[in-house]
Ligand SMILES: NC(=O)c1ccc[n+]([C@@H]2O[C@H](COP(=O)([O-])OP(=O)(O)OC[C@H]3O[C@@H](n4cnc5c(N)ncnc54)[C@H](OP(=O)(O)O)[C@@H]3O)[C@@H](O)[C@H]2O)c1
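What follows is one chain in C-alpha cells, specifically the form predicted alone.
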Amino acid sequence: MSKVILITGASTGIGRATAEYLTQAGYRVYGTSRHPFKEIVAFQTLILDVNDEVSVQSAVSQLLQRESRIDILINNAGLGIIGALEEVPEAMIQRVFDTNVWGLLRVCRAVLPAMRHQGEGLIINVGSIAGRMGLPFRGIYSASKAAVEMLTETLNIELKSFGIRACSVLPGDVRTNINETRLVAVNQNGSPYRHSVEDMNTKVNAEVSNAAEPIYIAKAIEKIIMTSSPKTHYVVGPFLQRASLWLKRFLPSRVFEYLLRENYGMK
C-alpha cells in the first residue's frame, strides 16, 4: 500500500514540486493551500491555513476520512521577511512566527494522534540554512527557522517511543515565489536602515531568481522517506551555502561576521 503524505503550502514552490514529484513516484499525496487550487493538479488537494486551528483540524479530519491514516507530514508552508530588527513592526514578526513556527506545530499536533494510533509516522519540517546563522536584515526569518530546528529535535526525542520520527530539511536558495510573498519592513520616514533594507531585498530577489529549481528539494525529501533510519537534520542547499555552515563552525565568530558583511556589501 502506498504511503499517504500530507504537504502544507503545496500551491507553489517547494511544496508544489514535492507534491508532484512524490505523486509521480507512486505515493498518495494530499497537497494543501489556503485557497482552492485554480488549476487541475496531479495530486489530491485540501484547503488548509496553518494560521487557523479550525482549518488545520478540518483538513486533517477530511484526509483521515478518505485514507484512515497519515504516514508522512511535510511541513513546508512558510513566510519570508526582510527588515532591520529595530524597525520590524511587531505585527509582521507575529505573522512570520505564526506561520513558520506556530503553524508548523499546529499541523504536527493535528496529525500526531493518528500517527500514534498507527504506531508509526514521519514528520519532515522544511527549515532553512538561514536558521543556522543570524543573517543581516533577515534576523526574524533566521530566528523562526532556528526555532523549526529546535522543535524538530524535541519532537524526534518525544515521539521515538511511539514509532514516529521527525527530521528537518534545510535548503539554501530555491527558485520559488517567495519574492512575491516576502514581507519587507521599510520605514520611509528618515530610517537609517532604509537603503540597506532595500539593497538587501534587491540582492535576495536576485539570488532567488537565479537559484536552482525546487525539484532538488523534492528528490532529497524522497530519499529521506526511503531511509529506514533518517537523520535529524539534512542540509541540502548549494555547495557554497553548505560550505558557509562549515566556515561558521570552525572560524572565529568575528572572522565569520566579517565574511558575512563582505558578502552582503556592508561596511
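The first residue of the sequence shown is number 1, and the count goes up from there. Computed from a predicted structure; not experimentally measured.
This next part talks about the form predicted together with the ligand, which is not shown.
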Testing 59 to 67, 219 to 227, 194 to 202, 41 to 49 against the ligand in the predicted bound form with a 4.5 Å heavy atom criterion leaves exactly one stretch, namely 41 to 49
Heavy atom distance at most 4.5 Å to the ligand in the predicted bound form, all of G78, V126 and Y141: yes
Query raised in the report: Is G83 one of the residues lying within 4.5 Å of the ligand in the predicted bound form, judged by heavy atom distances?
Result: no
Although the ligand is absent from this view, report whether V208 comes within 4.5 Å of it in the predicted bound form, heavy atoms only.
yes
**Request:** Although the ligand is absent from this view, report whether Q118 comes within 4.5 Å of it in the predicted bound form, heavy atoms only.
**Result:** no
Please run the contact check for L122 against the ligand in the predicted bound form: heavy atoms, 4.5 angstroms, yes or no? no
Among I178, A114, L183, V186, just one has a heavy atom within 4.5 Å of the ligand in the predicted bound form, namely I178
Checked 150 to 177 against the ligand in the predicted bound form; residues with a heavy atom within 4.5 Å, sequence order, are P171, G172, D173, V174, T176, N177
